[in-house]
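We begin with a single chain expressed as C-alpha cells, specifically the form predicted on its own.
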Amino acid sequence: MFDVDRYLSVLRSEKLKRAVNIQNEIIQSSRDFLRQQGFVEILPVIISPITDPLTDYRIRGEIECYGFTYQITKSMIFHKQISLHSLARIFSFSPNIRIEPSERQESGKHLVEFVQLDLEVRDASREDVVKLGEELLIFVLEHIKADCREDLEFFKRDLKIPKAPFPSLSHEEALQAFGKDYEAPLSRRLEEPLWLLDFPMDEREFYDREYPDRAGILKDMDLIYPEGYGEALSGGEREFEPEKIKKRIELKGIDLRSYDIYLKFAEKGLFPSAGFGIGVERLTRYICGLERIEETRLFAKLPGILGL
C-alpha cells in the first residue's frame, strides 16, 4: 500500500530540505571544477540497445519502442567511450536504473534509481583519473564547507578536507586484511578516503582494462569513504582493442550478439581512455553524515519497495 502521508512528511522535513540544498551545491561545484579542467558536459542517455552489464547481465530492464528493444541505462560506460570521437574530456550527470535484490533495501546505500557524475578522458591513464578524482572531491568538499555552513551545522557535521594524494591499498591486500566482505570493515577504520586498486578480472566488467604484464588483474580502482560510508567512486582504464573486448565478453559467458553494436564501434576504433562514476546521492550521504541514502533525495526508490 502506498502511504501518501508518509511521503508528505518526508518531503516537508527539514532534514531532506537541507540534504537537497547540499546536493545542489555538490552538483554546481562539480560542474564548475570540471569546466575549469576543460570538460564538456553531455546530455545523459536514458534508454539504449546497449548498457552496462554489471554483475548480472540478464537483469536488463527492457522496453519496446517502435518495434526495437531498448534497455534502461545502468551506466553510460559505452556512450562515454564512443563520445570521445567528438570530445576529449566529457562528463554527464547520468540517471541510472539498477534493479537490486530486495534484501539490499536494508543496506542504507542502495537505490534502484540514482544519479552518477560520469566522466571519461581520452588517452588518459588510471593515474590521471585518480589524481582528477582527488582534486574533484577536495574542490567539492572545500566549497561545501565554505558555503553550506548552516546546513552542516544542522547535521552536526564537522567536514574534514582530505589531502592528496590519498592512501591506497590493493584489492588483494584488502582481502587478506578484512576477508571477502572487506568494504564495510575497511571503511569503518578509515579516517580519510582511500583508493582500492587492481581488482581481479572475475570481479569486474569486461570493459575494464587488463594489465599488459599482469594476467587477470585490471587497471581499475574504487574510492572508499571513511567512517563506514563505503564505496564512493568506481572506474579505471578501458579496454579498447576489439579482440580483447570480444575475449572478455566471452569469458563472462555473455553472447557476443548482445553487444554487437558496441563491437562494431570497437572494430572501427575506440580511443584508449580512463574515467569513473561517482554517485551523487552517496556523496550527499557522506557529506551530511546521514544513516540512510533515501534521506538524500526526493522520490527515493529502495529495492523491493514501491516508490513514487
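Please read these numbers as outputs of a predicted model, since none were measured by experiment. Position 1 is the first residue in the sequence shown; the rest follow in order.
Omitted here: the form predicted in complex with aspartic acid (ASP). The next part is about that form.
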Margin query: Give me the residue from 92, 75, 81, 187 that has a heavy atom within 4.5 Å of aspartic acid (ASP) in the predicted bound form.
Written below: 75
Notebook entry, point to check: Ok, 109, 126, 171, 238: which has a heavy atom sitting within 4.5 Å of aspartic acid (ASP) in the predicted bound form?
Noted result: 238
Note to self: Please tell me whether the candidate spot formed by 118, 207 and 275 is one where all three residues come within 4.5 Å of aspartic acid (ASP) in the predicted bound form (heavy atoms).
What the structure shows: yes
Check: Any idea which of 100-108, 229-237, 176-184, 133-141 reaches within 4.5 Å of aspartic acid (ASP) in the predicted bound form, heavy atoms considered?
Finding: 229-237
Checklist line | 4.5 Å heavy atom contact, residue 41 and aspartic acid (ASP) in the predicted bound form | finding: no
